[in-house]
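The chain that follows stands alone, in the form predicted on its own, written as structure tokens.
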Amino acid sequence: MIEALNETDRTEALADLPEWDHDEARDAITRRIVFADFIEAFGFMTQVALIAERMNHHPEWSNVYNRVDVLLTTHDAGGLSARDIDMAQAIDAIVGED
């Protein structure tokens, strides 16, 4: 069973993810990423989709032209878990901010 992060672990994890915001209402993290155009945004989403399948952990996201909004939370845990932190780090690495 996957467990939600406790307050200490959440605080430490978020300190290492400066581009992500904590959504307290959903106990999730969010990030908006802006690309040069739609093709670049879609290419990013394709890369994340492949990682998400391997991790069996899928983001909530939306795309409008060159913008991708990502929300990560673990529904089975009822909030933010280590899986979300791992996914955020993988996303940052794709964007080049690892």
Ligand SMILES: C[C@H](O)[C@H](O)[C@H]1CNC2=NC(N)=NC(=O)C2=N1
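Throughout, we count residues from 1 along the sequence that is shown. Since the structure is predicted, the reported quantities are computational estimates derived from the model, not experimental observations.
Separately, the form predicted together with this ligand exists; it is not shown, and the next lines address it.
Colleague: Does any heavy atom of residue 12 come within 4.5 Å of a heavy atom of this ligand in the predicted bound form?
Modeller: So residue 12 does not count as contacting this ligand.
Colleague: Given that this ligand is not shown alongside this chain, does residue 76 nevertheless sit within 4.5 Å of it in the predicted bound form, heavy atom to heavy atom?
Modeller: Yes, residue 76 lies within 4.5 Å of this ligand in the predicted bound form.
Colleague: Taking this ligand as it sits in the predicted bound form, is residue 58 in contact with it (heavy atom to heavy atom, 4.5 Å or less)?
Modeller: Close contact exists here: in the predicted bound form, residue 58 approaches this ligand to within 4.5 Å, heavy atoms only.
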